[in-house]
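Before any questions on binding or motion, here is one chain by itself as structure tokens, the form predicted alone.
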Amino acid sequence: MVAKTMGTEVSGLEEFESIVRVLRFFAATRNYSFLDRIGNALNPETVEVALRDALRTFSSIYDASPADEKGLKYYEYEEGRRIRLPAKPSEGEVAAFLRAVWQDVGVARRVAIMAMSVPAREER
């Protein structure tokens, strides 16, 4: 997928899928603050701070969650409701996302929108 925003061509957002998955986790658990901050950011600095806070919170949850026999981690967010945790984004994925955001802050908006949507295929 190739998208253009504000005159800057950006290759598909698939390369940011792990970031979308982390943001989708927050949407599923009804914690929209990170999505709102990233989606409504007017400059790259705001996206960086919001993403840092989101990844810090997600890492705390991820590290505190026990793994099942298959090595999968789940988070219980309401009584009886749990969600499988996605993998943490790699350093390279985060760096690529931030580079794209510095070229066009609209990339962050589109990633936040994708996080709010239903995934087209089952996530692993």
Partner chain sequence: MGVVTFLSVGVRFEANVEALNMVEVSGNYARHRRVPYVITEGGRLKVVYVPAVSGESIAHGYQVALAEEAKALGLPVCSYCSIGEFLKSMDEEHAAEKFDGKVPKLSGRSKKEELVSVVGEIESGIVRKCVVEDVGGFLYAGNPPVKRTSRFMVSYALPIKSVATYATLEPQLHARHARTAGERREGAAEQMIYYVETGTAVYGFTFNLDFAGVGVSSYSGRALVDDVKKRRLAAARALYRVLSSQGFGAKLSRFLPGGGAVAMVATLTERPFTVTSPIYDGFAESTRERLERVKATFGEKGYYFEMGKDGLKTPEDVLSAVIETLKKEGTI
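No experiment lies behind these values; they were computed from the predicted model shown. Positions refer to the first chain, counted from 1.
There is another form of this protein, the form predicted together with the partner chain, and it is not shown here; the text below is about that form.
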{"item": "Answer option from 87, 95, 67, 49, heavy atom within 4.5 Å of the partner chain in the predicted complex", "value": "49"}
{"item": "Close approach of residue 37 to the partner chain in the predicted complex, 4.5 Å, heavy atom", "value": "yes"}
{"item": "Interface membership of residue 56, the partner chain in the predicted complex, 4.5 Å heavy atom rule", "value": "yes"}
{"item": "The partner chain contact at residue 76 in the predicted complex, heavy atom, 4.5 Å", "value": "no"}
{"item": "Contact label in the predicted complex: residue 91 to the partner chain, heavy atom within 4.5 Å", "value": "no"}
